[in-house]
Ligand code: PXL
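Consider the single chain below, provided in structure tokens and representing the form predicted alone.
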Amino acid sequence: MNLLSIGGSDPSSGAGIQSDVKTFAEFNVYGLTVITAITGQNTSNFGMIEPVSDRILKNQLESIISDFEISGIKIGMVYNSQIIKTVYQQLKKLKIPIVVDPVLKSTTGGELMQKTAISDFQKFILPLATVITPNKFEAEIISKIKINSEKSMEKSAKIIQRMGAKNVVITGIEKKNNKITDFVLEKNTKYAIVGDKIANINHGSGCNYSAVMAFALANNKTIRESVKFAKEYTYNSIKNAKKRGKGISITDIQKQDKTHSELSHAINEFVKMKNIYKNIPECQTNFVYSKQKPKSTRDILGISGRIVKAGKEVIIAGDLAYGGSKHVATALLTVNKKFPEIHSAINIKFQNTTITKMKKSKLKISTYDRMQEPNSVKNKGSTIEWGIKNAIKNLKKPPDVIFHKGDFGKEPMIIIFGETPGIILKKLSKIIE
């Protein structure tokens, strides 16, 4: 997946495009950048701004858009009217999620947008926004409404929405109970996402929030899911903020474990496979990856919902969580006990043509007959464990595939196993057209 950050350069890497690239990399996303302005700043003070020429800005945008498949865009610092108009002209025809972070002022005191450019920002950038993420100060400037109550906050959001932003998220509204709220206005609904407040000044949290929002939307998350995900991620980045220079702390990316990163990347690749919708079973699909030496399904990462089919589209419905899968995780756990090198699995739709392709690809296939399950197994609900144990009991090498042809009221199924999610994708590529 490629995500594009359009914004200013911060040499301290606390904010701006440098911060966005760090965030994208954390999710195994390839970060593309278009620089709108060069700033001179550090953790203590703000120095100069030098906007790039219209010529080089246009060339950057054309170069990136013509060469890369971009899944989502974040727009940060757009310093003057010319920059704003150029960005608009290059992006107006794109049909991908765009998150606008209306940075007007740096934490270290720099003015990041000329006051004379605000009207053009409203006119040209807001209509591009799938989501705009102003803080209270920024929302007040854009809407020209003083926010001092829930009513005025909603009024401000509605004004911004009428200017063209499809969804508005006003972030960082402080509450008396040491909580902090993000107010969300979608097309037909409004709500608040509440979280804990961390009482420290930092550099970079707004950039973290909007970059993660772009990542979530590019992965087909809903607005609500994206806000929750961005809020949690940003909370952790503030919590882990470190004093890199002599001034304020810079937010630090919460490191994901390798299991999460690898599985997330593999799932994103899986849903993009050609005709993959034809291989999603009625019970839908889960893709799992375990820690080393898993003791239970709680040590196995999976999707808390499923990978689901909607027509010819495949959607990730749910978040990755340890213990998020029951059935596929149980199958993996059973295989792992005999073959500890196997750490990943995915279930796909049973089709005779798929089995034929697997045999031609020389994948190691095993099977079991669900109709032979003892009643004692059915009553205990340990069907999968029983079936997998039967399928591997005489094997000396781990299987690539285990399948069954179903039973009364039970859908037939194929489960593919591998050392890593990446290896499973390679096996799938041999059988999926």
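Sequential numbering from 1, following the sequence displayed. Note that the coordinates shown come from a computational prediction; the quantities given were computed from them, not determined experimentally.
If you look for the form predicted in complex with the ligand, you will not find it shown, but the lines that follow are about it.
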Given that the ligand is left out here, which of Val87, Leu333, Leu185, Leu112 has a heavy atom within 4.5 Å of it in the model of the complex? Leu112
Heavy atom within 4.5 Å of the ligand in the model of the complex - the one residue of Ser106, Ser264, Asn167, Gln122 that qualifies: Ser106
Which among 362 to 370, 62 to 70, 40 to 48, 385 to 393 is in contact with the ligand in the model of the complex, heavy atoms within 4.5 angstroms? 40 to 48
Contact flag, Ala329 vs the ligand in the model of the complex, heavy atom cut 4.5 Å: no
Should Cys207 be classed as touching the ligand in the model of the complex when contacts are defined as heavy atoms within 4.5 Å? yes
Does any heavy atom of Val131 come within 4.5 Å of a heavy atom of the ligand in the model of the complex? no
4.5 Å heavy atom contact, Val227 to the ligand in the model of the complex: no
Contact check, 301 to 317 vs the ligand in the model of the complex, heavy atom within 4.5 Å, ordered by sequence, gives none
